[in-house]
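Taking the form predicted on its own, here's one chain by itself in structure tokens.
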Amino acid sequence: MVCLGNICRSPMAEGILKKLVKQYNLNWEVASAGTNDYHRGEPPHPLARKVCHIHGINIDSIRKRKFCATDFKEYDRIYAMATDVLEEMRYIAGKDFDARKAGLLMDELYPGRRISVPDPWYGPEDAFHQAYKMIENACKALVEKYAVTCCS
């Protein structure tokens, strides 16, 4: 799960997907990263943590990590939270970019529509709730899609 800073959207996505992976008893590794180099080693935004806590998810231990080209060797699927993030991933990875592994998270719900999860960083708390709901719905769709194909 990748966003710009690995402070708001991608840590929420990591927490949501980890909860679903546990619920479905899947053997998946889930992680998050950001394309920029700000906030290295910092925990998620306080409102991201608050919204996740409301939903029974603890993301307090996640620390900002920068996305790198080797992530394409490490992970089977890499989801960007927004179109600009996907383009940054392409730039960072260079020749290691693998379009078969990378995509927009919201494409799991709305294939081909190129919908981004809005960055709630500057918004009010409600923006974090809205981002959470979008991410949760997409994560549920991807678990239902891939849990059947990989684990049945």
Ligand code: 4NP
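Because the structure is predicted, anything quoted here is derived from the model rather than measured. Position 1 is the first residue in the sequence shown; the rest follow in order.
The form predicted in complex with the named molecule exists for this protein as well; it is not shown, and the discussion that follows is about that form.
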| query | finding |
| --- | --- |
| Contact test, all of C8, N36 and P120, partner the named molecule in the model of the complex, heavy atom 4.5 Å | yes |
| Listed range touching the named molecule, judged in the model of the complex by heavy atoms within 4.5 Å, from 91 to 99, 65 to 73, 52 to 60, 112 to 120 | 112 to 120 |
| Within 79 to 95, the residues that have a heavy atom no more than 4.5 Å from the named molecule in the model of the complex | none |
